[in-house]
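Okay, here we've got a single chain as structure tokens, the form predicted on its own, with questions on binding and movement later.
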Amino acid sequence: MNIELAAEQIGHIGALPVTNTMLMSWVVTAILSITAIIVSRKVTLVPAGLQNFFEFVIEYAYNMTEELAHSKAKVFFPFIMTFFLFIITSNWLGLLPGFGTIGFNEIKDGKETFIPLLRSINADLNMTLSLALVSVIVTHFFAVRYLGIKDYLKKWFALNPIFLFVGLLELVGEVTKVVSLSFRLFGNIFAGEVVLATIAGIFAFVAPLPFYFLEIIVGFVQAAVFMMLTLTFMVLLTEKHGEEH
């Protein structure tokens, strides 16, 4: 199993180059959409099966969101829960057999290179960077919505030189949020992919199993961390100085 840092291109749709991670992002979106349709088709007062499981997950996550966001929970929750479900599905799907091993050979620079058709989405920095950008942009959108443009700008700019300096430092901190969110998720998933590929290359059976279980935990933890950090950023940025609940 060959591991490449950049996502491999597997084709085109018109002028749009399609990578293996882009393909899998569409697959994950389709899985989540179909699951949502199936679960919501026959909703009963006494939940059972998939409805019962998803109601438990959503209720637990919503209560946690409400503890932090209070009255804003109904607005924040759809976004952070979407992040969680998309990331955890992507992480766990990437552990299935066939990822990194099913593909085709292509001649590059006169050498035959294996191009995997399936690859874990979050092992691509472009994908995690996109998620981080969406997280930060939505957070700032909510800040303007709840604070108003005047109070929003006051967070960063002031006539007092000291406050202006602090505000500018905080503004730089907003850029580091993008870096932190994207590299944390990418680093953990890519590292796990490399470890699994290395172990599977040395020991084909049994030995890789503990690492697969570890990656299942890592996949959940990284999805939860991304969700909680996004929620925390949303809560902090939408509060006025001195605001109390």
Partner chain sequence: MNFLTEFGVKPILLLAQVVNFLILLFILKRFLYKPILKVLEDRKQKIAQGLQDADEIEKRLQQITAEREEKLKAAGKDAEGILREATKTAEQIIAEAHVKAQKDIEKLMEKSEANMKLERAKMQQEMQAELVDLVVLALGKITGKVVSSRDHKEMIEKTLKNL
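Nothing here was measured: the structure is a model prediction, and the numbers come from that model. Numbering follows the first chain given and starts at 1.
This protein has a second form, the form predicted together with the partner chain, left out of what is shown; the following refers to that one.
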Original post:
Candidate spot F79, F83 and N126, all three in 4.5 Å heavy atom range of the partner chain in the predicted complex?
Top reply: yes
Subject >> Contact test in the predicted complex: I217 vs the partner chain, heavy atoms, 4.5 Å >> reply: no
Original post:
Hey, in the predicted complex, does L32 get a heavy atom within 4.5 angstroms of the partner chain?
Top reply: yes
Original post:
Do T232 and the partner chain share at least one heavy atom pair within 4.5 Å in the predicted complex?
Top reply: no
Original post:
Does the partner chain come within 4.5 Å of any heavy atom of F211 in the predicted complex?
Top reply: no
Original post:
Is any part of 17-35 within 4.5 angstroms of the partner chain in the predicted complex by a non-hydrogen atom, and which residues would that be?
Top reply: P17, T19, M22, S25, W26, T29, L32, S33
